[in-house]
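We begin with a single chain expressed as structure tokens, specifically the form predicted alone.
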Amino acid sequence: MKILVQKFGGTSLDTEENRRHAAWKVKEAVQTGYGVVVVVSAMGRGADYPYSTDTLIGLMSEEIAGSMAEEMDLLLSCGEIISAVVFAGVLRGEGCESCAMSGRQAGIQTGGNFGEAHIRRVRPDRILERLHLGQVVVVAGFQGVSDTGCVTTLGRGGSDITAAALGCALEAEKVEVFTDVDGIMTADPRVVSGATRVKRLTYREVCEMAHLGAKVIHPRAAEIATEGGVPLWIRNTFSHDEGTLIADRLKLVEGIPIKGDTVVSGIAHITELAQVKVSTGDVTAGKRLEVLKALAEAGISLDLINVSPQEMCFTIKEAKTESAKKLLKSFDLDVRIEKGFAKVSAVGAGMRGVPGVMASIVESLTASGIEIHQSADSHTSISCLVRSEDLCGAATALHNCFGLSQ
């Protein structure tokens, strides 16, 4: 049996009409001979929907929720379970034999880190039994069960992770992630007006774009798919567009070669950052280490980190500014923290070893009158810190610099 995993996000399931559109996608797959496993998110996005994750979170005060991590995971898992049962009912109404399963019933076993659990293994025996009976299996995403029998959730975007893990465990032919856009764009269309759909990307590019702020797919889902070699398609529930294919650069998927040799494939960004500068000219290496450890223990994540004998410079989320300021002052350090920054990144699997990419970035931003306050790079990305008000200009300049509107 050839198996297909389809994942539908909250905006694909938030109304009766949208659920029917999603059901038609499932029926099309069944009619072409696939055994179909559907992974669903909670219905809707945001607090305006009664069963969305945000609504369920809102049922508890922040103070109380913080002291009930295990119970909160039990509560938050309900949104996807409701969605799975409702969507299984829609499928039956459309003539598809179907059943609904929780993460536990689907064999998704996790660690015990409530709110951010990692999938350790998948035992899909029960899913396979139902597939061989000719049923579409609808699985509640975002959740699993720990070794101690506790319900756990996988963090925001966790249904993507569920879909990728099931795709690998079931040796699926592919995983289709349905959303309300036509695929992965070269940049956020709200920031860059000339953004276009990317037809194909490598796993590495998608992981990098997701980590750098692009709202494409959960980076852990891409990592799992990479490990299992399962192709991912990002598609629109409400259109017949082919979407974006994510696969290994050397693999041939349905006759489509994945070249992965474009120097820059997309522009990603992260907003609401603060830049922190700590003078360390008279500070010992041991004390610098203490400072970094203290920030980590306080849950303050650092990015764009530059360490020199005279200064430590890094960025944090603006929401962590006061906590960081108080902690750093306790070390009696000269600290300057400034809000109002954004990180814009050029991502592409083909930039590794190519000379002149950074020069092109500096040239394009300089020509647009945009100052670079920090930078960092990897084998597949170059990131620049700019003022928040320069974000649109910076993203557009990089988008045009690498010809991504063509």
Ligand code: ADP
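From a predicted model like this one, the values you see are computed outputs, not experimental measurements. For the two forms, the rigid core is made up of the largest set of C-alpha atoms that agree within 1.5 Å on superposition. In case it trips you up, residue 1 is the first one in the sequence shown, and so on.
The same protein has a further form, the form predicted together with this ligand, not shown here; the description that follows concerns it.
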Check your understanding: Out of 180, 248, 334, 71, which one falls within 4.5 Å of this ligand in the predicted complex, going by heavy atoms?
Key -> 180
Exercise for review: Let me know the one among 230, 221, 209, 139 whose heavy atoms come within 4.5 Å of this ligand in the predicted complex, would you?
Suggested key: 209
Review point. Each of 38, 89 and 174 near this ligand in the predicted complex, meaning some heavy atom within 4.5 Å?
Key: no
Practice item. May I ask you to state whether residue 161 is within 4.5 Å of this ligand in the predicted complex, using heavy atom distances? Key: no
Review point. Do residue 188 and this ligand come within 4.5 Å of each other in the predicted complex, heavy atoms counted?
Key: yes
Practice item. May I ask you to check whether residue 324 falls inside a 4.5 Å heavy atom distance of this ligand in the predicted complex? Key: no
Practice item. Determine whether any heavy atom of residue 84 comes within 4.5 Å of a heavy atom of this ligand in the predicted complex, and answer yes or no. Key: no
Practice item. Look at the stretches 116 to 124, 294 to 302, 94 to 102, 213 to 221 and give the one with heavy atoms within 4.5 Å of this ligand in the predicted complex. Key: 213 to 221
**Study point:** Any residue of 1 to 15 that, in the predicted complex, places a heavy atom within 4.5 Å of this ligand
**Key:** 7, 9, 10, 11
**Study point:** Threshold 2 Å Cα movement between this form and the one not shown at residue 271, rigid core reference
**Key:** yes
Check your understanding: Taking the rigid core as the frame, does residue 22 move its C-alpha by 2 Å or more between this form and the one not shown?
Key -> no
